[in-house]
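Starting off, we have a lone chain in the form predicted on its own, written out as structure tokens.
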Amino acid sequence: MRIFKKYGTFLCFILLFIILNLGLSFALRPYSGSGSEMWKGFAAKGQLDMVYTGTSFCLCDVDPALVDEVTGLKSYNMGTNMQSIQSSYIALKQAIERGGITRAIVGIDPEIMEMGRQDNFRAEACFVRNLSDTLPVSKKIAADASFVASKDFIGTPSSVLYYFPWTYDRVGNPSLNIREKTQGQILDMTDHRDENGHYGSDEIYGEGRHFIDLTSLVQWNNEVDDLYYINVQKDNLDTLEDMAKLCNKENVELFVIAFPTTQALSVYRLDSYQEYTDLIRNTLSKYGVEYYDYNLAKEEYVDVFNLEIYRDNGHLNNRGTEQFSKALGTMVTKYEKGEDVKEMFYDLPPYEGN
């Protein structure tokens, strides 16, 4: 009895704290958010031939159904908003272990290769938490522990906040969310993925602020003095190399790509962009992996400099997605036939800086 009196208040506090956390998570965690839809959709697909990983570029730009029409494969889109290269590695590993894939397309861009994982806790925590929700208990505990004990988050408030998902994985309309959960169905279909993991849009982008093409690229670099240098983080480059090693070990054909955007060639200095491209290619070449930059795709594959194929200043709309997805299918098919994939792309114009 004395032991209960001594610890009873503390235990009651802990119990109330857990109940409050569960209640807030029920009210604020999405019934069917993009990240949870990705992992649940992946689990429902079963055996796969190929997956795509990357940021929202991947999520918006790749329609697996259109790629599959060209390749005859079964594929799935594992892209998520602001997906770090570390999360892409986790997705790739899951796709190999649970999906049995034999091919993978990994999308990267300078922003992601510059970004520290610890700087993007919300996206990282959502990614792992939504994965954890699809795993059996033993693997769920391991996935949670690997996140909170990672060198990027251990010893920081982030490692504790991970266990309070309503702080980072939350909706703006709790009332709708509660109704969806109590009724067990999506009541507003806005911003949801399809069964293949793709998030499409018919929107058409207007004017591009710094939109140029290859013919004006050198002139642009000579005239504009506030373009960015690319500073790749070593951890990110190491993780990209780990992905290549993993695919080699598991006999998975890996394609590393850059997604087409309206501004990739206009916000970075051309000499820095070339150095970045060389760095990525040299890193991957040790493992027999090629890097394909779709910002340099020829017009017959993707009409990169046509604003009408974009929904905003970076992501493709459905018209652009159709072009790009079919181009990805062509790339994979050409590669497997031993044909020249590089003929699909232009080279960057030579530039030594000014």
Partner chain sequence: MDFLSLGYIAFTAAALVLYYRLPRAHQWKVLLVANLLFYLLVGRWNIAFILVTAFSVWYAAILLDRLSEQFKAAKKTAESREEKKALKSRFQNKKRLVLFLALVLNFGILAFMKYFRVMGSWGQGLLVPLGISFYTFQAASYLVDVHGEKYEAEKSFPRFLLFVSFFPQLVQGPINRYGKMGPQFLKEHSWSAERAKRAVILILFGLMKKYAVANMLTDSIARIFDSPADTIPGSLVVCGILLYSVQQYADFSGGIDIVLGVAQLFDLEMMPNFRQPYFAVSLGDFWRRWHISLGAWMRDYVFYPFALLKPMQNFGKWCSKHLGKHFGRVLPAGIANILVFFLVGVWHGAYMHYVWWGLYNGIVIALSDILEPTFGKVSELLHLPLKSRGMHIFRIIRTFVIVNIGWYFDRIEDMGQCLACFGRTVSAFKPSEFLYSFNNVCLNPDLVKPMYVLGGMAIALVGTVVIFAVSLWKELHPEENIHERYGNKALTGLSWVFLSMMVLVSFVFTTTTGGFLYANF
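All of these numbers come straight from a predicted model, not from anything done at the bench. Residue numbers count along the first chain shown, from 1.
The following text describes the form predicted together with the partner chain, which does not appear among the structures shown.
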Item to check | All of 275, 295 and 338 with a heavy atom within 4.5 Å of the partner chain in the model of the complex | outcome: no
Checklist entry - Do residue 35 and the partner chain share at least one heavy atom pair within 4.5 Å in the model of the complex? => result yes
Next on the checklist: I'd like to know whether residue 171 contacts the partner chain in the model of the complex, with contact meaning heavy atoms within 4.5 angstroms.
Outcome noted: yes
Checklist entry - According to a 4.5 angstroms non-hydrogen atom cut-off, is residue 346 in contact with the partner chain in the model of the complex? => result no
Next on the checklist: With a cut-off of 4.5 Å between heavy atoms, is residue 181 one of the residues that contacts the partner chain in the model of the complex?
Outcome noted: no
Checklist outcome for this item: Given 240 to 248, 124 to 132, 93 to 101, 267 to 275, the stretch touching the partner chain in the model of the complex at heavy atoms within 4.5 Å is 124 to 132
Item to check | One residue of 217, 148, 73, 113 in contact with the partner chain, assessed in the model of the complex (non-hydrogen atom, 4.5 angstroms) | outcome: 148
Checklist outcome for this item: As a check of understanding, the residue in 188, 119, 195, 213 with any heavy atom within 4.5 Å of the partner chain in the model of the complex should be identified as 119
Next on the checklist: Using a 4.5 Å cut-off on any heavy atom, which residues of 141 to 160 would contact the partner chain in the model of the complex?
Outcome noted: 148, 154, 155, 156, 157, 159, 160
